[in-house]
Ligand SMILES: NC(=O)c1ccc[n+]([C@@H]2O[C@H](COP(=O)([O-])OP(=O)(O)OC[C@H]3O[C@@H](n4cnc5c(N)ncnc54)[C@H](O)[C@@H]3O)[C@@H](O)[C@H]2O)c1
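Below, in structure tokens: the form predicted alone, a single chain.
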Amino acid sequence: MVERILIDETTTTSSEIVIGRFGTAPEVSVVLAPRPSRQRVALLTHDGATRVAARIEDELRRAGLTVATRQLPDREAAKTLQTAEATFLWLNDLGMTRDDTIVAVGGGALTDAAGFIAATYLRGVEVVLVPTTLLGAVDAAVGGKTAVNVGGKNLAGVFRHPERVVVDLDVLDGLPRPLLIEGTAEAVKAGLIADPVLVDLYEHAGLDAALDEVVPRAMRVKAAVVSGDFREGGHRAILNYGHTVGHAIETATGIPHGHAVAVGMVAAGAAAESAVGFAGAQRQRRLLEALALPVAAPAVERQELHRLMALDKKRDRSGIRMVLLRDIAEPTVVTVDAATVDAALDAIGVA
């Protein structure tokens, strides 16, 4: 059974999410919308996703398309201006046009980078994202936020939707446990901000929670939020729950994104307890611990986290703004004072 979720802006569909079990590989009609003028596909992938990418490449070739494949670096090393420039030059050599398509097969950092490359090459070419990790599926690939890192997390980027996001649950079922755990942080986040059933599901089933239920529920949360506020003028900011502190920890220490978000949610829970009376901070912490996610920061200087948080994209003239919870599924964006930030950092063991 295939589920389709649409992301709409006013009356226009901007992006389509296709979720299913596709066996050996999704058919070309699942990956690409019809376009008679399309001749080439540039396929971007990375180590760890090459087997899935090769199967998709075979399907595209059998459909008569010219396909070239390029491997990008793994994780955050993909999200640099140097990687983007090298890929632009490769696309030049391929003779890519606006009628052609980039297909990105890999984890969240890869789809972030590919989205940025597609959005800026020739001022925009079609891109299809095929996330191969849980984190990529429920978060990074959805919503049209594309970016590379320049001194801070995701500070150079552009909003542009992928044509499609194709999620193969057969691929996600085969994830190594560390990648499943990392992605679970973003799925839990979706529950905490908007879907209490998803929180309950993880509390009862833990890491054995069925992906056939987890993935569509988490993706529906993000699709609904993005449809209402594509360019993060307001409500979309709730998707950054745990990210203000989490991104700072990720940049400062290099721990995986999902782990950093888990720690960031613990910090945000403590901040919410202090600032808006959130009563679920300990419940949240216990859930994250039960899912084998970290709840304390690695060794890092408080001053460095303050510096990095000051670069957060939600900042404004009044100071640092954090997504906090008044209750499960009741998020709010608050400008926090120094005492609240200190409470957040104290909760995750930052000296």
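For every residue, the number given is its place in the sequence shown, counted from 1. Definition used throughout: the rigid core is the maximal C-alpha set that superposes within 1.5 Å between two forms. Note that the coordinates shown come from a computational prediction; the quantities given were computed from them, not determined experimentally.
From this point on, the text means the form predicted in complex with the ligand, which you will not see here.
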{"query": "Heavy atom of each of Glu76, Asp112 and Lys222 within 4.5 Å of the ligand in the predicted bound form", "finding": "yes"}
{"query": "Which of 261 to 269, 117 to 125, 89 to 97, 173 to 181 lines the interface with the ligand in the predicted bound form (heavy atom within 4.5 Å)", "finding": "173 to 181"}
{"query": "Partner contact for Lys145 in the predicted bound form: the ligand, 4.5 angstroms, heavy atom", "finding": "yes"}
{"query": "Gly242 within 4.5 Å of the ligand in the predicted bound form, heavy atoms", "finding": "no"}
{"query": "The ligand contact at Gly108 in the predicted bound form, heavy atom, 4.5 Å", "finding": "yes"}
{"query": "Residue contact check: Asp47 to the ligand in the predicted bound form, 4.5 Å heavy atom", "finding": "yes"}
{"query": "In the predicted bound form, the residue from Ala140, Ile238, Ala194, Val214 that sits within 4.5 Å of the ligand by heavy atoms", "finding": "Ala140"}
{"query": "Contact assignment for the ligand in the predicted bound form, among Ile102, Val166, Ala218, Leu135, heavy atom within 4.5 Å", "finding": "Leu135"}
{"query": "Core-aligned C-alpha movement of Lys222 between this form and the one not shown reaching 2 Å", "finding": "no"}
{"query": "After fitting the core, Leu110 CA displacement of 2 Å or more between this form and the one not shown", "finding": "no"}
{"query": "Exceeds or equals 2 Å, Cα of Ala187 between this form and the one not shown, core fit", "finding": "no"}
